[in-house]
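The chain below stands alone, shown as structure tokens; this is the form predicted on its own.
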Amino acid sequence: MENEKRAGFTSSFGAVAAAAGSAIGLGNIWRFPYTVGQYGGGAFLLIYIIFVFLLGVPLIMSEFIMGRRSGRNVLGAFRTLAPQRKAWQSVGWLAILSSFLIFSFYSVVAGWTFNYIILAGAGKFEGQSSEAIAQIFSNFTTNTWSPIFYLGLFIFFTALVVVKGVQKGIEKTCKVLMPILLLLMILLCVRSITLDGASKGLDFLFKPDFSALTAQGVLSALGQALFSLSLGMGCLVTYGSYVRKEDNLLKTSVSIAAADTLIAVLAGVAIFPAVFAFGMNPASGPSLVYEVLPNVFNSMPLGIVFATLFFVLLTIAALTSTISLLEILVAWAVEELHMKRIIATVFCAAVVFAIGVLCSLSFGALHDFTICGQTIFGLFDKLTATYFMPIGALALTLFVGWQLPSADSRDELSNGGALKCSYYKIWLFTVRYLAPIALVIILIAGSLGAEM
């Protein structure tokens, strides 16, 4: 593992494809569109993009600095960069715990997409009423064994990639999957914007109506921008340890943010024109993808084909994210527990599957079992989104901004003095002051129950 890890990604494109794949997931294609719909469309989108580049890019750079400087997993990074400050290691442990929990419940939802590929391809939505499609979703998610089967299948495919290593597994797979994802997204966008009445959806997405944007909407845009980039759980620290020393961290970070934003916007272009063309509600919430969109595809020519393509797209996006989540855990197990990669992969995947089964059963057999008023799925989701990720991102930011010597961060950003770093003071000010303030606001708002 050490030799493989030191070799890292073989190209800048490989690093961007892998890290962007981590950022691009269900949050972009499932959560982002319905959040845009709930908070007024274009105004939310504009604020979101501003936050991505104003705060998101500096935070991506910060995690990359930690990873590349240390050449270690997220826990090992703190041990290497602050050996005398052991309290910082608790942030690494929090990232490991977050990854286990997020991977577990995320894979439950990702497994649903596998099932929907089969349902869509078999034409199960064709000719069905809205109520019938909603019932299909309910029947599946509350079933005991089918969701668990697809959960296990999704984790298996994730492990199959990660076990092959950084170059032959993660980089090679992401180099293939990311262009495919973009191509599928463009095909769906072309189909959507050529529907009669599609212009209303494009107006909704691209014509800002700031009267519809509330303070809660701004807060939601901030949270969506920061956490859609996979910040705060150690993923980019781990991937940063694989980035080549000659790669420009600013350009790589901007490329990742741009790719993540592009896919989110394209998801909106693929979804909203179709939703408006068939008179559906753009603010349908989490049911938009699994209940509303099958109705949309059901109403259009070649709906079976485009429905199948959409859920294939969603599955690819989910897979590139779970690959990064598993790699966080495997890198930790290999370097800290001294396991071989194959054993570490099997061990981590098995633990995730066991936790995932409990999350899946939260919709069925264990739906009455609650902790602090939350199902197991809901509890893990709330803990990670409301507390663990904001705290992790805040701690990582404070570490890079205040604990890591400025000479070290400048050295990484300038590639040892080979690159000009005229933006350094702006970056440092953002990391030391602006980003922590934003993250504290998110943490407080989430704790008080605001919708993120």
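These numbers come from a predicted model, not from an experiment. Sequential numbering from 1, following the sequence displayed.
There is another form of this protein, the form predicted in complex with tryptophan (TRP), and it is not shown here; the text below is about that form.
Trainee: Sort through 205-213, 361-369, 331-339, 226-234 and report the only stretch with a non-hydrogen atom within 4.5 Å of tryptophan (TRP) in the predicted bound form.
Mentor: Looking at the other structure, the answer is 226-234.
Trainee: Given tryptophan (TRP) in the predicted bound form, answer whether the residues 26, 106 and 325 all have a heavy atom inside 4.5 Å of it.
Mentor: Heavy-atom distance to tryptophan (TRP) in the predicted bound form: all three under 4.5 Å.
Trainee: Only one of 315, 158, 321, 345 has a non-hydrogen atom within 4.5 angstroms of tryptophan (TRP) in the predicted bound form; which is it?
Mentor: Filtering the options by heavy-atom distance leaves 321.
Trainee: Out of 45, 52, 389, 59, which one falls within 4.5 Å of tryptophan (TRP) in the predicted bound form, going by heavy atoms?
Mentor: Exactly one residue meets the criterion: 389.
Trainee: Residue 430 versus tryptophan (TRP), in the predicted bound form: is there a non-hydrogen atom within 4.5 Å?
Mentor: Heavy-atom contact with tryptophan (TRP) at 4.5 Å: absent for residue 430.
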